[in-house]
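Taking the form predicted alone, here's one chain by itself in C-alpha cells.
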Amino acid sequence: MTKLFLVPTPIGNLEDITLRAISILSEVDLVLAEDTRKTSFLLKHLAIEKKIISHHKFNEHKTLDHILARMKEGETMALVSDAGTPSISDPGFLLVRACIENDIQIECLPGPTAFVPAIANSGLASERFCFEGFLPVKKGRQKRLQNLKDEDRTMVFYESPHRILKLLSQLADVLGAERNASVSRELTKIHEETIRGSLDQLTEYFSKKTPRGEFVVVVAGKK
C-alpha cells in the first residue's frame, strides 16, 4: 500500500539513527530530502543506495503535485529533513496535509529532535512546555515575544548563531533579565555545550564568545 513515511535523521551524531529508520529508508521507492547532498552523505554512511529528489521550503509548493501523482501510482516514499523530525521547524506540513486530503497513508517514526534533549538537560521544569521554534526574523517578532510575557510554561526556541545574541537580549528585555534559562548548542556533536543561568548572564557569556552551531534556548515560565 502506498505510504509516506516521515523519517527522523540524526541531529549530529550519525549513530543516533534508529534501526527502523534504516529499514524504512532501505525499503521505500524514493527519498524526499531537504538537502540532497546531506541525505546522500547519510545514505552512503548507511550503505543504502536510493533515488533522492529535492523537497524543501523553497520548492515544496511546486513539487507537491508531482509527488502526489507518483504516490497515487503506487510509489512509497520517505520524507527526511537535514536533521531531526520532518515538519518540526522543517518542511513537511504541506505534504502531510496533501496526503491526508488524498487518502494516502502517513506514518511518522519516532526519533531524533533537538528540543527534547535540550529540555531534559536544562534543569528547568519539563512537565509542561511550549515549543516556539524559530521566531519571525522581522515582522511579527516583537508581537510573538510580548505574547509570551505571561507564559507560565517552560518555553523552547530554535535560533541560528548569528541571531542568538539578539534573541537572548530580547528575551531579557521582555521576560526579565533574571529569568532562568538554558542554551544548548551542537547537541550530540563533539563540541556539544549547554550553558545555564539567567538571561542576563547568558547574554553576557555569548557576547564574549563567537557563537557557533545551531542553538536551542529553553526559558523558564513566569512564576
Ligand code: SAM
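Bear in mind that the values here come from a model prediction, so they are computed numbers and not experimental data. Each residue number is its position in the shown sequence, starting from 1.
Quick note: we don't show the form predicted in complex with this ligand, though the next part is all about it.
Checklist entry - Using a 4.5 Å cut on heavy atoms, which of Q142, S89, S126, T76 is close to this ligand in the model of the complex? => result Filtering the options by heavy-atom distance leaves S89.
Next on the checklist: Counting any non-hydrogen atom inside 4.5 Å, which residue from E60, D29, D35, E186 sits next to this ligand in the model of the complex?
Outcome noted: Of E60, D29, D35, E186, the residue with a heavy atom within 4.5 Å of this ligand in the model of the complex is E186.
Checklist entry - in the model of the complex, which of 66-74, 158-166, 172-180, 47-55 comes within 4.5 Å of this ligand (heavy atoms)? => result Going by heavy atoms within 4.5 Å, the stretch is 158-166.
Item to check | Contact of T85 with this ligand in the model of the complex (heavy atom, 4.5 Å) | outcome: Looking in the model of the complex, residue contacts with this ligand include T85, since a heavy atom lies within 4.5 Å.
Next on the checklist: At 4.5 Å between heavy atoms, is F134 in contact with this ligand in the model of the complex?
Outcome noted: F134: contacts this ligand in the model of the complex.
Next on the checklist: Would you classify I119 as touching this ligand in the model of the complex, given a 4.5 Å non-hydrogen atom cut-off?
Outcome noted: Taking the distances in the model of the complex, the answer for I119 is no, it never comes within 4.5 Å of this ligand.
Checklist entry - Counting only non-hydrogen atoms and a 4.5 angstroms cut-off, does F206 reach this ligand in the model of the complex? => result F206 lies outside the contact set for this ligand.
Next on the checklist: Residue by residue through 188-223, which ones have a non-hydrogen atom no more than 4.5 angstroms from this ligand in the model of the complex?
Outcome noted: In sequence order, K189, E214, F215, V216 come within 4.5 Å of the partner.
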